[in-house]
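One chain comes next, on its own, written as structure tokens: the form predicted alone.
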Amino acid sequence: MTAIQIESLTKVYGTVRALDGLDLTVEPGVVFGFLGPNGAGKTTAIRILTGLARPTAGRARVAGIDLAADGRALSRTIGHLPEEPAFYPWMTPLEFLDYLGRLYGIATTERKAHIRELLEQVGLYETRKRRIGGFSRGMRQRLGLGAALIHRPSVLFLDEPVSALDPAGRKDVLELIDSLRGRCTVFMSTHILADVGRICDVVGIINHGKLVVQSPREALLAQYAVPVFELEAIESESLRRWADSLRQADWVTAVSLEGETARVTVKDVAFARRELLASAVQAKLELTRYAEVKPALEDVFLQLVKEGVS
């Protein structure tokens, strides 16, 4: 059984088609990165998959549950962290998670132990008795993640889960999400592509409400990543003259300069490995760095969204 199955999902708001026949399949136990530019339909899709909105057309199943048939079963099966979670400001994290645990019918002994574990995992144990009304956005985001996990869901939906966190907080939350692999399916929407590259097993990119591509992360990088080399030199004028001459080579796609750094995009990686450094040496450049740049998800994302590859 697939964790998430979407077939021809469509959502229309007046004259706007937020989703336009979206098809998507997510296997159980993976961390799935759901990407797209602003307005692509990511939040609309998550709202439908979590039962907060109804599609105009199409079908969707989450953990085997037909969204059109059984909303109550869905709420007990999934966890959801919206981009800006809301809480009762007069409660403390301890009280709020206990309240949710009671709603889900979790027994007292199990509930107390699980709440302590969650508060420690999201870094709020020391502030468990402070009023939520005084929390920063990042602290509320951490609490929202704990709340989404209170009933041990089989599918967890995260909409921009680390957007409000500082670097240390992002690291902690990403490690927690990473630890969920195999225990539940994580469906994560984010605009921080480096985070997707760090923890996601599979990536799905949508644009204009349609699926552009879905692939395991490494396969996506291998298939679509643009081969790039970077060279840094001591003297920028010599580097500029060399870059101008290099642009005429038929094995070079593009050359960009930023200060003392040249970024060279090539058609043939093997040929570039043989010729690029030799060309720089022949031009008598005093190099301080020469590197074959690791494929970046950002480059793949921009290329696919621009070209609409499917």
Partner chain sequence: MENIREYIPLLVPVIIIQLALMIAALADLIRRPRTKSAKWLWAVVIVLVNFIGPIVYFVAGREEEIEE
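Numbering follows the first chain given and starts at 1. Since the structure is predicted, the reported quantities are computational estimates derived from the model, not experimental observations.
Note that the form predicted in complex with its partner chain isn't included here; everything after this is about it.
Between the options 108, 223, 179, 136, the residue in contact with its partner chain in the predicted complex by a heavy atom within 4.5 angstroms is 136. Among 198, 208, 140, 114, the residue placing a heavy atom within 4.5 Å of its partner chain in the predicted complex is 140. Of the candidate stretches 198-206, 185-193, 232-240, 126-134, only 126-134 contains residues with a heavy atom within 4.5 Å of its partner chain in the predicted complex. Shown alone here, residue 216 lies farther than 4.5 Å from its partner chain in the predicted complex, counting heavy atoms only. Counting a residue when any of its non-hydrogen atoms is within 4.5 Å of its partner chain in the predicted complex, the one hit in 78-114 is 89.
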